[in-house]
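A single chain comes next, written as structure tokens; it is the form predicted alone.
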């Protein structure tokens, strides 16, 4: 259950590391896996290229900056969720993927598993980028 002021990990390579939920879209309750939320970037991710000793500047690699307001999709929640088949799923953390207003992911790569509920919610682009869905 993601609600106002909840801190989430950002699992894509858009440049955000930690984001804070500012609003749950189209609902009066907490967001679950697959729901769209509005977030504020709290902490940026550091990108460094260790190949030849050169480092990529954070402004060149990051698509978002600290303080940016963006849309996101919840992909993992720490709250237990019971699926229609009776199985119960609970992740270790709350995580999201940043998207643009059209609903396409800002990043090009995802780190970590995502919930399979995204398939029911029509987030197939996020599922195709994810290494595993559980």
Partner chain sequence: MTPTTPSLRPLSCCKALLRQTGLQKPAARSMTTYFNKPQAAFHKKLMRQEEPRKVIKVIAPPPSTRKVYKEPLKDVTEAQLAILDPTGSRTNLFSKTNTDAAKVGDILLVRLKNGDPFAGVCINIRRRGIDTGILLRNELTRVGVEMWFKIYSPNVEGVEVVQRKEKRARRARLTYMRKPKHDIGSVQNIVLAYQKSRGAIRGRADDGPVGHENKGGKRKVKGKK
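Residue numbers count along the first chain shown, from 1. For clarity, every value in this text was computed on a predicted model and none was experimentally measured.
Although not depicted, the form predicted in complex with the partner chain is the subject of the following passage.
Proximity to the partner chain in the predicted bound form holds for none of 43, 46 and 66, with the criterion being a heavy atom within 4.5 Å. The candidate stretches are 81-89, 96-104, 67-75, 34-42, and the one lying within 4.5 Å of the partner chain in the predicted bound form by heavy atoms is 81-89.
Among residues of the shown chain, residue 7 is not one whose heavy atoms approach the partner chain to within 4.5 Å in the predicted bound form. Proximity of residue 18 to the partner chain in the predicted bound form falls outside the 4.5 Å heavy atom cutoff. Although the partner is absent from this view, residue 113 contacts the partner chain in the predicted bound form, with a non-hydrogen atom inside 4.5 angstroms. Contact annotation for 110-134: residues with any non-hydrogen atom within 4.5 angstroms of the partner chain in the predicted bound form are 112, 113, 131, 132, 133, 134, listed in sequence order.
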